[in-house]
Each structure stands twice: as structure tokens, then as C-alpha cells.
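Heads up, what comes next is one protein chain in two forms, each shown on its own as C-alpha cells, labelled structure 1 and structure 2.
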Structure 1
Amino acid sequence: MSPILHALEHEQASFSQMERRLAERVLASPGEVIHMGITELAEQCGVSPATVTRFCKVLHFKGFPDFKVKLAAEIAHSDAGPQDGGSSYQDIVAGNPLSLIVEAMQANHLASIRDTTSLLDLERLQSVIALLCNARRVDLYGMATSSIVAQDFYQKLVRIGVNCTAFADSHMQITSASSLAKGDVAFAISYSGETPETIDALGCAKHSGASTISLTSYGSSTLATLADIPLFSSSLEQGMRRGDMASRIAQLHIIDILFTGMVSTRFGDFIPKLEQSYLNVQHYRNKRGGQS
């Protein structure tokens, strides 16, 4: 924890009644305090503005504004929530003030990306990249939240000219899976790894002879077991139903790595296509001059 907050916590002994109130308020949500005026903070603590100024002086700041700026700098350093470098997940519950939600969300997402990265198996990633680069056709499967991830990957792959589909409709997924063959790739995404529609689609693809890849939250699951190469994003503690928020970020993180890996291995091929797709969007947009 930063020196200022640390001091506020451990030097309470030397504070007076009112000063203690201030210290507590600041500790409770420093992120809010830095956006407050002196009057606002004073009111929230049932204290006069003069007391706030004095308090800042006691802490050896030049005044309240000085305190705010220094505090802002400090809380920026530490990842919200538990100390930096750690990676524990925060639960998010009812009626929390927004500042807490923001802190918790940041902690969760950062932890999620860190954990996912450390779970990564480079060799496996490399194989997946190779498969995707050489695939005749790529099918992406995912329902609900995972279909968002699938769509995202789809957009990227299309831009580098990979022949690829990402149906949101589970019937179409199966239909498409049926028509895959050896040399094609099926890529299934699911938080739980137990989504029946996605499992069916990947199973069908495997049966058709395609190479199968799964992307699920860490832990054994039907989908991961089924896939030739399973990839994992970090899973959250506890039964947070809303855990899929961090999980989706982690899955996109992996998608980004895969995509960048693909572009990097076949730079000469893919970069021109990327550029071209970008330029063409611009071109046709300008051509019609803003009206559709």
C-alpha cells in the first residue's frame, strides 16, 4: 500500500477525533476523495473545512490540493484492491458505491489477464497458430457471451483473408460442422466447457475429420476433453455467476495472442491484406461522401 494510505491507517493513534474521521473516509475510498472539494469532504465527515486543511498540514502537505494530487499519484500506482502483483478476485455485490465497483472490476480484469497468461502453454499456442494459418476453412462455435468472442475472432480472421464462419445459430453451427473435412479447423469457445450446443458442434466437426480446438475456463470440462488442443482462460474463484465478465476479457486476450501470432508468422501474406481491408473501408466510405 502507498505511503500515504499506510500512514493514515497506522498513525491513527496520533490523530484527534475529527482527524480520525477524515482518515477513515480517505481510506474508505481514496479514489473518490481525489475528486472532491474540501467542503464536500468536510461535510461528509461532519467536520469543518478548516479541520481538513489542518489535517493536510499535519500530514506535511502544503494544503488540501497538494494532498489530493499526491494521493492521486499514489493510488494510481497500486492496483486497486489487494496489492499490486497479487491476483485475487473481488466479488461484486449489491449497493456498493461505484468506486468500489470500479476497483473490484479492475482487480478482476487485471488478475484474469495475468492468470490467463501464466496458464498459457506456448507450444500448444504455436500448434494452434499453425493449424489456423494452414486451415482450408475455420469454423468458430460459441453461444451467448462466447458467441461475442467468436464474432470478434471472426472479424479478425476475415480481415486477413481466412476462410471462416461464426454462426450464432446452433443449427447452422452443426450444419457447417458437418461439412468440414481433414485440414479444416473447428474452434469452440465456452466459459463452462459444458454448453451442449457447442459440445455438439465440436463433436460433429471432429467426426467430420477437422482439427478441434477448445477455449474454456481452466478446469476439466467436456469440451476441453473433446478437443485435440484445449486452450484455457483463467477461471474465477467462487460461484460468481457474473464471472463471465472477466472470463470474456481473458478469452479475448487469448484471441489477440493467437491472431497476432498468425500475423507474425505469415507477415508477408497477412499484413498487406490487413492494410488493404482497412484502406478499402476508408475508400468506399469517402467515395459516397457520407451519405448512404
Structure 2
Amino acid sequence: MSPILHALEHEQASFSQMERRLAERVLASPGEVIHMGITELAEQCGVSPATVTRFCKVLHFKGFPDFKVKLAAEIAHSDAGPQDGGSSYQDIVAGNPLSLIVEAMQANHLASIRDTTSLLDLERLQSVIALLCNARRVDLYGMATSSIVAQDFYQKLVRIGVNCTAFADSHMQITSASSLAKGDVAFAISYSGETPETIDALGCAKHSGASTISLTSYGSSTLATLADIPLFSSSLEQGMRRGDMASRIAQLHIIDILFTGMVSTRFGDFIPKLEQSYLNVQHYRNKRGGQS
């Protein structure tokens, strides 16, 4: 199932009665919906075209045309089937031969990257890159596995001279967020979008006047609603035995896109700093290694 259909299926209980009608219609025949006009879908569900537009925006799309384009792309991937690159996440199985484990990990990671790429909104990504490039300071928030992703982004940003912090301690996140102001950026990472500590830190940063960005799994969540610009990764990895493996790869995929976009945008500024940091590390490590 595609990330969009998965989100519709699992969030129906939170929808209004009219939104639920739309969700049920899409889930029943997604292939038909992508060929409908907004008026046709509205009439079939007994709602107004404005309700359809609001429904799409609740799902973080610009409108019905954007929703159809993204849904059509996901359906195309799903129809390809696992053997041709379709989505199929595999759980940990007792006694699996190592060869099958290797194949399963490869399939999970590739599916996660592919599903995440289908959810990307280039305008949002460009806006995030612009904010990060011009920020006076960047705060990165994340707990547990998401903290590892935040630390990865921190190490990248430091190498190009961006003034940033990435605290794993929730108290320090709030402390840092309290000192942010207009012109600063807070970037919060949480797969569920419901991690209390991360929500608190981003809320504090927003109250302080900073621009706020979230990275969550696709769907409605407190963190995504709170952020000025929400970004989404695949939401299809389920089950406690998977250990957040594919979801971590999906988040790192977006981090790598943002970092590469930043360096490409300000190539003349960032590349010299990136090269200098590399040369300094080589120089001082070689110097240390040469001592007796």
C-alpha cells in the first residue's frame, strides 16, 4: 500500500464525517480518483469542492491536483510489484539465512527511499534549503533514533560553517530553543510526530520567533501541524521487530538531499569550508600519527 493510502486508512478515525467520506472513496478506488475532477469527486461524496480542497490540505498537499499527482505516482510504484521495485517491507524472522537477511535489508532500504522520494515536495524542500542557508543559527531536535539523525545533520552543517546545535537532552533542547529569535531555524525530527520532548522544543522555538521545520513520517501529527514547513518520510515501516531501520534510512535520505541542496545553492561559500575542514582533519590526524 502507498504511504498516502496507508495514512488515509490509519487516520480515518480522526477525520470529520465529510472527510471520512472522501477517504473511503479514495481507498475504495484510488485508480479512479486520480482521473476525476474535483467537482466529480465532491458530488460522488456529497460534499463541496471546498471540502475536497480542505481535505487535501489536511493531508499536507497544496490542493486536489497536487494530491492526484502524488497519489498517481505512488500507485504506479505499487503496481510495479516487489520484484520490479514496488513497496514490500520485510520483518525480522527467526532463523533466517544470512543471505535472505541481506536481501531483506536491501529491499527495505530501497523501498523506504523510493516511498519517501514520492512524497517529496520540491517547493517545500527549496524553502527549507533557503531558510537553512540564511539562518543565523540552527537548532536540531530529536530523541532516541531521531537524535542520531539530528547528530548526522549537525556533523554535516558544522563542516560548512553553519552555526548549529544538536542536543539529545530534552532540557537542553528547551534551553537552546528559548534563546532563538527571528532569523533562526529550529528543525525537529520525530518519526511518529508525537514525541512529547520534541514537540515541546519546537513549540518553544516557535514561541521565541524562530522559523520551524519538522521531519516526520507521512500523515497528520502534532509536530507536522506545529511546524511552519513540514517534511515527510515514508510511513510504511511497521512492527516493533524492525528497530526503526528503514525509517532511519528514509530520514537520512532527506537530510542528505537538504545538505547537498545547501552546498549546491551556496557553492562558493560552502565548498571552501568543506574542503578546509577535510584538510585540517587530515593534517592534524597525520601529525598525531607521526609522533612516537
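In this text, the rigid core denotes the largest set of C-alpha atoms whose superposition between the two forms falls within 1.5 Å. Keep in mind it's a predicted model, so treat the numbers as computed, not measured. Numbers follow structure 1, counted from its first residue as 1.
Trainee: Between the first and the second structure, which is the form predicted in complex with the DNA?
Mentor: Structure 1, not 2.
Trainee: P30: with the rigid core matched between the two structures, does its Cα shift 2 Å or more?
Mentor: Yes, because once the rigid core is superposed, the C-alpha of P30 moves 2 Å or more between the two structures.
Trainee: Core superposed first: is there a CA shift of 2 Å or greater at L252 between the two structures?
Mentor: The answer is no, as the C-alpha of L252 shifts between the two structures by less than 2 Å after core alignment.
Trainee: So, superposing on the core, is the move of L223 at the CA at least 2 angstroms between the two structures?
Mentor: No; L223 is a residue whose C-alpha shifts by less than 2 Å between the two structures when the cores are overlaid.
Trainee: Mind pulling the C-alpha shift for R54 between the two structures, with the rigid core superposed, in Å?
Mentor: For R54, the alpha-carbon shift amounts to 65.8 Å.
Trainee: So if we fit the rigid core, how much does the CA of V102 shift between the two structures, in Å?
Mentor: Spelling it out: core superposed, C-alpha of V102 shifted, distance 2.4 Å.
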